[in-house]
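In structure tokens, the next block holds one chain alone, the form predicted on its own.
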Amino acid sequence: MHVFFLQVCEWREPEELAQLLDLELKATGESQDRLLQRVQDVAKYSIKTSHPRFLNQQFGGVDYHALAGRFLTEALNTNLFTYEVAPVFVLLEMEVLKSLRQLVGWTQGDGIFCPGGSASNMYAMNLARYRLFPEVKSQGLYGLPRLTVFTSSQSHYSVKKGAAFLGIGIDNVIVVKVDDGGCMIPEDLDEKIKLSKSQGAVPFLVSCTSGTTVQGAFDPLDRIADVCEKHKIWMHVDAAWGGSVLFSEQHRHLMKGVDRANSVAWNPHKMLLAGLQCSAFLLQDTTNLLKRCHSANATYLFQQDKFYDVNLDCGDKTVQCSRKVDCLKLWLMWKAIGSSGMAQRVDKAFIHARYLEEQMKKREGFHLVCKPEFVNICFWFIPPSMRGKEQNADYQDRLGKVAPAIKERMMKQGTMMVGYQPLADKVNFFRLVVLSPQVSTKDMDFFLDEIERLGNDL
């Protein structure tokens, strides 16, 4: 149901908002009436990410079955590390991970729910290094050769953050060229791996992307798998954004070859609306690599003489100790709407994205950055004052200022939210993300009308 009476946001400058919320914490408590008002204020001034015109990020909307699961796990307040303290959720997590792996195309394997896709990508890097050099767990970086990671120029920034965090170094993340659609070029990957080897480095991980953050590009996994097998390198697929196409018979071809990967990151809190956070790290490995790499064998928690199967104590697989239950909301939603309902959700997002793409072509001033492969629509809006002046020396500079100006207006008026960014040599353009099942074609039409209203006088 659409809630048109509700703005996407009630924008306030930071100083004003801090004063309105009265943030200071004091020695004495407040009345229930005052606390109720505070709760209402928090809701009022927060961004309404479930509004159909919140098109800013790769999350949004709400699935009420998943929301019920979130309420329940918060109320039960348990920690997912041993069977004795979380028996239901240990079994649930195992089942959900198994079902996700089957969609990838694996009949067996391992996995864990992580605090976000960035952590999942870091897990892949850590496991790939440990597989080659298990002594790193006890001896650290001392004595290791220079290790290199390969990823596309449009991959998620967490690849570099992971390399920095794990002591591999950002300079050892080798950037592979992409084609015009933003997809990794396997031939360039092969050449850069050869070059890295010739320089004495040890290539150990290729991080592919299924659904890049900006353009929504899908790397050619089958061809990349050929390169990885040739050089005996761990192949990881960051499918945090695009992984949900695996539910759709119509669109799963975008990830052809994913079954050849060693690991996959997938965020059901994005397109599937499982709610933040719900991030799965999936492994084809059956050698208990996760546990061997991360275990600390804490005897107060993971006793080996328990009265049940201690393999059900999953906490030693993770780098965390405390771990929230993220599987119930996905399990409950999956139970409610089935795999077919998930597929319909994915297909509906594509339908609305293609609708918007076609409507843009009918309107003057909307220029697509590239033909969309996924549900990311990247475009420039050209105000009437700039049309036909593409050859002017200051055109690109002026064009780069249009999206920020429109974004400021839409935020302050609260009518909708959509992001913008530059990319390589391209100046600022809008990136609209279509995923919420609350979205309709009327919202797509409103979006185009509103961009024109907010930008026509620039």
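Note that the structure is a prediction, hence the values are computed from the model and not measured. Residue indices: 1-based, along the sequence shown.
The same protein has a further form, the form predicted in complex with a further copy of the same chain, not shown here; the description that follows concerns it.
Contact with a further copy of the same chain in the predicted complex, defined as any heavy atom within 4.5 Å, is confined among 208 to 216, 381 to 389, 180 to 188, 365 to 373 to 208 to 216.
Using a 4.5 Å cutoff between non-hydrogen atoms, residue 257 does not count as a contact of a further copy of the same chain in the predicted complex.
For residue 446, no non-hydrogen atom is located within 4.5 Å of a further copy of the same chain in the predicted complex, even though that partner is not displayed. When a further copy of the same chain is considered in the predicted complex, residue 146 lines it closely, a heavy atom lying within 4.5 Å.
Among residues of the shown chain, residue 87 is one whose heavy atoms approach a further copy of the same chain to within 4.5 Å in the predicted complex. The partner is absent here; in the predicted complex, the one residue of 231, 131, 352, 161 having a heavy atom within 4.5 Å of a further copy of the same chain is 161. Candidate site formed by 152, 223 and 414: none of these residues places a non-hydrogen atom within 4.5 angstroms of a further copy of the same chain in the predicted complex. Residues are counted as partner-facing when one of their heavy atoms sits within 4.5 Å of a further copy of the same chain in the predicted complex; in 133 to 156 these are 136, 137, 138, 139, 140, 141, 142, 144, 145, 146, 156, in sequence order.
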